[in-house]
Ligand SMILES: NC(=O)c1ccc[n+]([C@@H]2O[C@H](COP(=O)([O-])OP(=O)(O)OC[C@H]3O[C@@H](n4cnc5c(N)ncnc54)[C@H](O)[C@@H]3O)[C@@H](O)[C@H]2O)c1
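Presented below, as structure tokens, is a lone chain in the form predicted alone.
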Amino acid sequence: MTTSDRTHLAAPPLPPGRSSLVVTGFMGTGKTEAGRRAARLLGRPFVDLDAVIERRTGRSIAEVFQQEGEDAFRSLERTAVADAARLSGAVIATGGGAPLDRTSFARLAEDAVVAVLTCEEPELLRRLRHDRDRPLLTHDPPGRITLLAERADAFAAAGGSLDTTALDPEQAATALVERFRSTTSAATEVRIAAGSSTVVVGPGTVAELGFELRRAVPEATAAAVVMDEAVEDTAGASVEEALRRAGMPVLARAVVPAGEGAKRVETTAGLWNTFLACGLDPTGVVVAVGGGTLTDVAGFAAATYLRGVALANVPTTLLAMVDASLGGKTGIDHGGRKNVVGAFHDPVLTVADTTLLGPLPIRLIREGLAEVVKAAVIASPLLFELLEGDARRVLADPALLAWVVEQAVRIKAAYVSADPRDRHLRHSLNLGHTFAHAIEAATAYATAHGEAVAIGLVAAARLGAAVGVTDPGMAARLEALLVRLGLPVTVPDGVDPAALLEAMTADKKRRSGRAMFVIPAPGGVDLVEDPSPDEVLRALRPEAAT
């Protein structure tokens, strides 16, 4: 395979989410411990950027300084700061020198609350007098305190100060939380722009659906609700109540059978008939409530009825929240192929209420997390590392899961905004999917989509390593993470390799008749066109390769 067979797609900037709390300041002021405790009080993830650098290099900060020098460390620190700037809603503790690079620190501080911890010099010397793990203190601790004066301007420009001289870590954390809450909204939801759409993410947001819809479509007069039969008595009923509370008449409720079998032209025609019978006109809104299959078929019905009426999505599965309900792709299956008939039809509003995930079987949560892992690989290295460290807690902690949804939605929204009609950059979102679609087809859809994506992600990393683009260790890291999340990473036994190749040949994601694969690459992904059948099979089943 030659370089000309590859195209690099860089990850785009991400839209804002909830504000982060950034804790910085001179060494010894208590950034790490106060930041960690503040994160616990706020129910937010905690990121210690010095620990990130140590994890990435496999060495202590002192060893990095000793072996490579301060300039090399500052380069690693800039990368860590840039990666942290792609997160939202976290508590982030930086190294004491991070504000010196004002350009990178300004990106981290944008939309964040920054607290610069300070401490009076005598107390600082007392705290540091026995500390020999800090490289800048190794030879002359009192003399190195002069760095504090040298950095004074950078710290002053970074944000407001918090004196920790007389505070223990818990008191400092409490002061940080009070400052953060006094500066930011107490709302747990976040509004994210995805092209022409608005996505509202957070617990309990369905209750405000009607009012959000009136804000998004002031001219809307009535709604027709299309719901998956699996949520008719739960999310479906909540949606109807929320619409009525906002004074939005519900003209009809259509219940669609669960499963991929509903994505047929007959289902779509049935929805058209329902819309006609209830008198839905161009001022009406179709509200789709369910998983990705439901939002696909209901969205397609909305796109084609009266040449297009407004659509609002209320995804009820994790996979739908982070992927299927966002971006305007709608469609049905035909001729034995998935989504071969469809249209782009952007929802005016998507409400991702994370409390709807509570009753779901754990298998459906795991499926959605495969798409979250994909999003992290293509656009957020620190999200990927946080998932590696907290994989099991994501499955058990609703607050952490809601935060993960926020990150994944921001990533999907960035690609949708940059490439609304999937012409180029948005192809990045297909990482692992050419493999996944082939696995689904070759197993007659006995393998669920999220599970197939998990297998496809590992295969894509192997293919990327084989062509010299992807870090050789990425496939093993992905495999370990996905296994901890309870997802499969190998092709099911008994699947015919020829059937896999045939399915990939038929995949709709082809360009000029050539199969297209997405592989992880530094700063984004590479598109690889037409790798050899042997390369593809070796990526999927390395143990069976000849």
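The numbering used is simple: start at 1 and walk along the sequence shown. A quick note: this is a predicted structure, and the numbers were derived from the prediction, not measured.
FYI, the form predicted in complex with the ligand isn't displayed, but the following is about it.
Novice: State yes or no: in the model of the complex, is some non-hydrogen atom of N339 no more than 4.5 angstroms from a non-hydrogen atom of the ligand?
Specialist: So N339 counts as contacting the ligand.
Novice: Is there a non-hydrogen atom of L387 within 4.5 angstroms of a non-hydrogen atom of the ligand in the model of the complex?
Specialist: No, no contact at 4.5 Å.
Novice: Considering non-hydrogen atoms and a 4.5 Å limit, does the ligand approach R462 in the model of the complex?
Specialist: R462 lies outside the contact set for the ligand.
Novice: With a 4.5 Å heavy atom cut-off, would you call G291 a contact of the ligand in the model of the complex?
Specialist: Yes.
Novice: Are all three of L42, A115 and E170 close to the ligand in the model of the complex, meaning a heavy atom of each within 4.5 Å?
Specialist: Not a single residue of the candidate spot has a heavy atom within 4.5 Å of the ligand in the model of the complex.
Novice: Based on heavy atom distances of 4.5 Å or less, which listed stretch (212-220, 76-84, 323-331, 90-98) is in contact with the ligand in the model of the complex?
Specialist: Only one stretch qualifies here: 323-331.
Novice: Just to be sure I understand the contacts: of P203, P398, P420, G259, which is the one whose heavy atoms reach within 4.5 angstroms of the ligand in the model of the complex?
Specialist: Of the candidates P203, P398, P420, G259, G259 is the one lying within 4.5 Å of the ligand in the model of the complex.
Novice: Tell me, out of L124, L364, V394, V177, which residue has a non-hydrogen atom within 4.5 angstroms of the ligand in the model of the complex.
Specialist: Of L124, L364, V394, V177, the residue with a heavy atom within 4.5 Å of the ligand in the model of the complex is L364.
Novice: Could you pull out the residues of 406-440 that have any heavy atom within 4.5 Å of the ligand in the model of the complex?
Specialist: Contacting residue: only K412.
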